[in-house]
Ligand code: ADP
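Quick heads-up: it's one chain on its own, the form predicted on its own, in structure tokens.
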């Protein structure tokens, strides 16, 4: 019996950016699951996992954050070139670095995972925001380091107002409408 593995997508870098606790990882997991159920080649690159496995040598200075994203971009571009919907969940606080990713990957969709700082702090089970506010953690995005909100993100999901299901559906709808998935 012959089987075909039809792929129902084109390669694209789907870049989820937002504050710590905004919901990037929370969205990326069911998003990738749903894409795979639809017959798409999809892969998730998550900030916490990448920092542990690919960039453990880097800290959180601006230079180290930029180097982290540079390495992730290399991996994302390879995946995109091989037809994979690559879902990247990174704080990536600087606009210039996100522009770099856009340029390098070629096919890029910026998803602003919007959430008020107070809500992110309320969600913080690790207490990182509290540690940042006391100075225990340096260079913490949103507290002692800036987060430059996207000015023209293709997709904006406000996790303080939307359900997870609606957030995932909003992204899937965009991918369909723009013929990244079919």
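Note that the coordinates shown come from a computational prediction; the quantities given were computed from them, not determined experimentally. Numbering follows the first chain given and starts at 1.
This next part talks about the form predicted in complex with adenosine-5'-diphosphate (ADP), which is not shown.
Just one listed stretch, out of 122-130, 32-40, 145-153, 61-69, contacts adenosine-5'-diphosphate (ADP) in the predicted complex at the 4.5 Å heavy atom level, and that stretch is 122-130. In the predicted complex, residue 22 approaches adenosine-5'-diphosphate (ADP) with a heavy atom inside 4.5 Å. Interface residue remark: residue 26 is counted as part of the site for adenosine-5'-diphosphate (ADP) in the predicted complex, having a heavy atom within 4.5 Å.
Among residues of the shown chain, residue 172 is not one whose heavy atoms approach adenosine-5'-diphosphate (ADP) to within 4.5 Å in the predicted complex. Using a 4.5 Å cut-off on any heavy atom, none of the residues of 50-64 reaches adenosine-5'-diphosphate (ADP) in the predicted complex.
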